[in-house]
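Given next, in structure tokens, is a single chain: the form predicted alone.
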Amino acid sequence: MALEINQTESETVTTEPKFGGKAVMLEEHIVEIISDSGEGAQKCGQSFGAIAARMGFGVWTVEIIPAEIRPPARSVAGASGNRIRIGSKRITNGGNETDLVVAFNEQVLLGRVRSKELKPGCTILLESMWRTSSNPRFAKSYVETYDQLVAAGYRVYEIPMDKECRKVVSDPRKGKNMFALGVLCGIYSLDLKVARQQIALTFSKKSDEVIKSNVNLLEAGYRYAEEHIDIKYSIPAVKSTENQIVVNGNTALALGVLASGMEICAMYPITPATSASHYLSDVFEKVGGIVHQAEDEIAACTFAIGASYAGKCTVTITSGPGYSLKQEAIGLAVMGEIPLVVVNVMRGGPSTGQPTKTEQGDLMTTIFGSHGDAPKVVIAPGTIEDCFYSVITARKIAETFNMVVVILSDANLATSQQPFRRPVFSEEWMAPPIDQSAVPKGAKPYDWDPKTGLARRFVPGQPNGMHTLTGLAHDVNSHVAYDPEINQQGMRARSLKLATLQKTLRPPTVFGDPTGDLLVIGWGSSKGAIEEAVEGLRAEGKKVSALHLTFIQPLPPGIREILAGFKQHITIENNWCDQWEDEMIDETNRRYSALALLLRSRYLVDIDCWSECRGTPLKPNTVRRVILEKLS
């Protein structure tokens, strides 16, 4: 559900804790809530982030999702939850290591420790029920882990969550998450009134009794934090003067579908793209839209193509494996010059890979992964707000140029939440009415303009417009033709459309000075981490700037001139490139990351690259380290 923020409703609770005195002032903090799957840690984290956003904090949340649908309880790999970065100013990424974590058992915590996601000395609020578990194996594991955490320098608080929740509800498993939410609201001085409103919104489809029970748990957790935990923080909020919404990237994509005027979404469920269709399934019908769940990915794509051929522009949403299955059908849309929007929410690969983890590994297959030459427009949103507007842009381009437009999102954007300015609807976003006027006599279905490659779109049912659509090589009359010159003519026209679009694009904006020692280039969800790192280094006097690319095909104009202003260039990406420190790697065999390879071939400039594929979003501190190494 999209949450609209009213920035004027907050009333701050200033009660001081029983221990610890006044609240410690912070600029920002990173909080995690982790549990076994099904215990509600994700909902707790989403609610915590939404409450903070409504109070005016900058927020970025990142879901922690296990790869298995139902992982074993109390398992390292089964950790499920949310990571929330809150701060006094706008936040554009998930940040660095975690400052405070709430864990419902010690096993789900271990994975976060081993992957070095927690800051040294991190505060841990740990469910203590396992210390006295009737299962001796559980009790032993808990005690050993607790002792190791303390010895490693973590600040561990044992919290009897199960015991405290039983004072309010009979089944703590169904309420522990709201108790934890109350504890966090107490520690971070969040407004209980806003928290109650958030719970009412979260459980709005449930009964009043359910809402009341969860509010009681929230208040119990808040009281516990005030009375028993000797830490309390306060983060000054800079309230926005504009109304904002808090949604994740998939919901933003779905809202973009609504705003663009598209009326059909055809898809097959696949992680991490599915929640976009869940949202559309709830609301699309109210505005005359249809969500078609096909029997497989191929059927979803061909259904979308058929609907688009009938006169509208349709969207199909998927992730990497599904995109691979759709590619033959996408080739049909390219050959038939049928407008189509394809959303690929990238995940870790290859094969099944890491279904719930983030990666930017599909760029090359999106551009080149087809039989024959199949030009497509490729757009990569860099923020959650971009996810919304990219769909509107994609629909416009698809229908204007009769092309396939692919939006490359990823798991980081898909599941992360961030406040952004509430969009103000514009009629210009919407698709124009279908042109059903008579086709002028003598007009041809593929009468390609020799300069632009464009041709008039024929819609079924238009008088004088009857023709046979084919995926075979065809002439201007849509007749199957294997003549060498005709085939060349068609390929030329389809390629020219990319060049024509490129002429309409604006040069990208450099983040920082237009000249310097190093230009850091990124695309997609790496934007926030790169720009935060660059901003910090620029404040220290480093001559470094950043360039973020949203259009990847065609690349926008002006890039060559921007590159010329810097002594060195490096792309930072979340896909693979070989590392120089590996003994086998040299200049003759190194594999470059995707964007670096594209830019090197396009502009014949020596562009270095650095990447990682850990399945986690890039961290500003990591980017900072890479930049400093490059500058040294």
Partner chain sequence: MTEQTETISASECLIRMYDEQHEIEDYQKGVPRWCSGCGDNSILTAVQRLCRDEGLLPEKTVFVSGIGCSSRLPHYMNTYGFHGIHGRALPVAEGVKLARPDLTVFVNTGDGDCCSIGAAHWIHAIRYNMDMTMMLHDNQIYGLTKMQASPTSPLGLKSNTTPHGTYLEALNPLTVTLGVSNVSFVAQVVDWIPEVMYQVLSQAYHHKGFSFVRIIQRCTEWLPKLLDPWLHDRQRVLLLHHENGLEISPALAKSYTKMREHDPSNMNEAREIASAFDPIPVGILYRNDDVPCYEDLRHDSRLRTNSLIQKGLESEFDKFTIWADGNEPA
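The shown structure was predicted, so the numbers you read here are calculated from the model rather than taken from an experiment. Positions refer to the first chain, counted from 1.
Form predicted together with the partner chain: not shown, discussed below.
Only one of 498-506, 302-310, 130-138, 552-560 lies within 4.5 Å of the partner chain in the predicted complex by heavy atoms, and it is 302-310. G461 belongs to the set of residues with a heavy atom inside 4.5 Å of the partner chain in the predicted complex. Proximity of G111 to the partner chain in the predicted complex: non-hydrogen atoms within 4.5 Å are absent; the residue sits far from the partner. Though the partner is left out of this view, G465 does reach within 4.5 Å of the partner chain in the predicted complex, counting heavy atoms only. For T251, a non-hydrogen atom is located within 4.5 Å of the partner chain in the predicted complex, even though that partner is not displayed.
Annotated contacts: S240, E263 and L469 all touch the partner chain in the predicted complex [non-hydrogen atom within 4.5 angstroms]. The listed set K451, K167, K286, K116 contains one residue whose heavy atoms approach the partner chain in the predicted complex to within 4.5 Å, identified as K286. This chain lacks the partner; the member of N216, T274, T123, Q244 within 4.5 angstroms of the partner chain in the predicted complex by a non-hydrogen atom is Q244.
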